[in-house]
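Given next, in C-alpha cells, is a single chain: the form predicted on its own.
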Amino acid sequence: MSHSITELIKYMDRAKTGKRVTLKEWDYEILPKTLKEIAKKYGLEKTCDPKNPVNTDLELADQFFKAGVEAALRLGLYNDDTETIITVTEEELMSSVEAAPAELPIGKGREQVVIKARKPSDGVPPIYGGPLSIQMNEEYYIPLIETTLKSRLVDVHEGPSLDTVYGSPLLANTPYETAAGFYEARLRKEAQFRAGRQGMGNMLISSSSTEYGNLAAFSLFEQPQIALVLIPSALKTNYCSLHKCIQTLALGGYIESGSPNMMGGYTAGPECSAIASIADDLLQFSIHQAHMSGAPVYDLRYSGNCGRHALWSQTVSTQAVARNTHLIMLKTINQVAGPCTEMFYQESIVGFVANSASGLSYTIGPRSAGGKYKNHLTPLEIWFTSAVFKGAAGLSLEKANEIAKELIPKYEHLHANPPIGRSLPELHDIKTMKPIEEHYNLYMKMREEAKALGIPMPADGVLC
C-alpha cells in the first residue's frame, strides 16, 4: 500500500530488528565498499568523462539504473537513532516505485500547478519552487517574497529561512524553533497576499530543520502542501525525518525526502555517487513513503554541482531514474557564486540547462553563494534560474553538453574562491525593491546571453 502510515511503521519496526552497525562502520566500510563493488560489477568504473560534463549516453544511464537498484536492495537506509540498517525486499521496492504518483497537483484555483514526472528532453516545462531556504533578516522576508512572487515563473514557495524569531536567536531543538514555524507561516501568508498569489503551493517549513517547525505549522495550511524532509545525509534516516513523514501523511500532504550525495565523501567519486543518488531516490518511496525524492550530487571540493564531475554525476543519475521510472525528483542546482556576479549566471545556465534536459521534474532555487551568506538572495536570481530551467526543457542532451563545455571553462578556476556577490539591501532599495542599475543591467545582459546560446527564455512579467 502506498503512502500509508501503517506501511511507514512497518519500516520503523524493521529498524528495531535490523542489523546493528556503528555509524563509523556504515560510513567508512559498508557504504563505500558496497558502492565500489557494484560499480565494478556493472562496468561503471571510470565512466565519467570530464570533457563532456553532461552525460549523453542513455544506455550508460540505464546501466547506472540497474546498479542503483542493486545498491538500494543491498544497502537500504541506515537509521542514526537506532544504529541499525532498514532494508527492503525487491518486491517492496518495485511495488513502492510502481505505486508512486506520476503527477502531484499543488495549489488552489489559478495558483494550481502540476508537478509531473519527465523524460530527458521531453519539452514538458518543469516546475520551479523558490527561493531556496537561504537565511534572511526578518524585516526582509516580506519585501523579498512579495516582489519575487509577482513573477509567475515561480510556481511554488519555499524560502527564505529565518535565524531569529522576533529578534531572538533561533535555536534548534528548542521552543524557539516551534515559534519559528508559526512565525514563518504568518510571514508567508502575508507576502503571498500582498503579491496576489493566495492559494499557491508551499514547501514547509524553511526555518526549522528538525520536526518542531513541521509539527507546529504544517497543519496551518490547506493541504496538500509539500513537507521538507531533509534526511541526515545520503542513504540515512532518523526519528526526526520519520516524525515529519508521519505527520505529513496524517494531514494529507506530500513528502519530499532525500539529501545530497557528497562526491568525494563516503560515496566516493562521480560514478559511485551517481549509484548512491539513484539508490537514495528509490528508497525514499518505500521507507519514507515519499511522493517526491531529493538526492542531488555535490562536489565536496567546492560544495557545489555546476562543475564537470558533479554535473556529470547528477545528470547521469537523473537520466537513469527519469528513463526507467515515473518517479518525481527534486534535485537542487548549487551555485557557489553570489548575486550580481557573472559567474552566478554562468553556473546557473550550465546547471539548470543540464538538469532540465536530463528530465528533472522539479527544483528549488537558487542556492546563490552556496547558501553560505545571509541575505545573499534577490528576486533577479530567482527569476533568471526559473526561466532557464523552464526554457531548457526541450533541449537535447547534446546541446546541453555543448553549453556546459562552452561556459564551465569561464568559471571553474574560481571554484576554490568564488565571488560572493552582494546582499539584498546592497542590490535593492528595500522600500521599493527596485534593483540598482548595475544589478538590473547584468540581469538583462545575461538573459540575452542565454538566448544567444539557444535557450528559450520566458519573460519574468515584471522587468521584462
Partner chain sequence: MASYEELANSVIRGNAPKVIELTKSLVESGCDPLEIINQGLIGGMNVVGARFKVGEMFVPEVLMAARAMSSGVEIVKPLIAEGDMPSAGKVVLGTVKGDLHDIGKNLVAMMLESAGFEVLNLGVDISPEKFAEAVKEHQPDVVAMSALLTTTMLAMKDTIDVLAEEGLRDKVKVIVGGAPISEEFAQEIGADGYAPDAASATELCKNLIGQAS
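Remember, it's a predicted structure, so these values are computed and weren't measured experimentally. Positions refer to the first chain, counted from 1.
What comes next is about the form predicted in complex with the partner chain, which is not displayed.
Peer 1: Could you tell me which of 267-275, 221-229, 150-158, 330-338 sits within 4.5 Å of the partner chain in the predicted bound form, going by non-hydrogen atoms?
Peer 2: It is 267-275 that comes within 4.5 Å of the partner.
Peer 1: Should G109 be counted as a contact of the partner chain in the predicted bound form, where contact means heavy atoms within 4.5 Å?
Peer 2: The answer is no: G109 has no heavy atom within 4.5 Å of the partner chain.
Peer 1: Is there a heavy atom of Q135 lying 4.5 Å or less from a heavy atom of the partner chain in the predicted bound form?
Peer 2: Close contact exists here: in the predicted bound form, Q135 approaches the partner chain to within 4.5 Å, heavy atoms only.
Peer 1: Can you check whether L170 is within 4.5 Å of the partner chain in the predicted bound form, heavy atom basis?
Peer 2: Answer yes; at least one heavy atom of L170 falls within 4.5 Å of the partner chain in the predicted bound form.
Peer 1: Can you check whether P435 is within 4.5 Å of the partner chain in the predicted bound form, heavy atom basis?
Peer 2: Judged by the heavy-atom cut-off of 4.5 Å, P435 is well away from the partner chain in the predicted bound form.
Peer 1: Going by heavy atom distances of 4.5 angstroms or less, which of S95, Q192, N238, S121 would be at the interface with the partner chain in the predicted bound form?
Peer 2: Of S95, Q192, N238, S121, the residue with a heavy atom within 4.5 Å of the partner chain in the predicted bound form is N238.
Peer 1: Using heavy atoms only and a 4.5 Å cut-off, determine which of K372, R74, R186, H243 is in contact with the partner chain in the predicted bound form.
Peer 2: Among K372, R74, R186, H243, a heavy atom within 4.5 Å of the partner chain in the predicted bound form occurs only for K372.
Peer 1: For the partner chain, considered in the predicted bound form: do all three of Y28, D163 and R301 come within 4.5 Å of it, counting heavy atoms only?
Peer 2: Every residue of the candidate spot has a heavy atom within 4.5 Å of the partner chain in the predicted bound form.
Peer 1: What residues in 98-124 sit within 4.5 Å of the partner chain in the predicted bound form, counting heavy atoms only?
Peer 2: Contacting residues: none.
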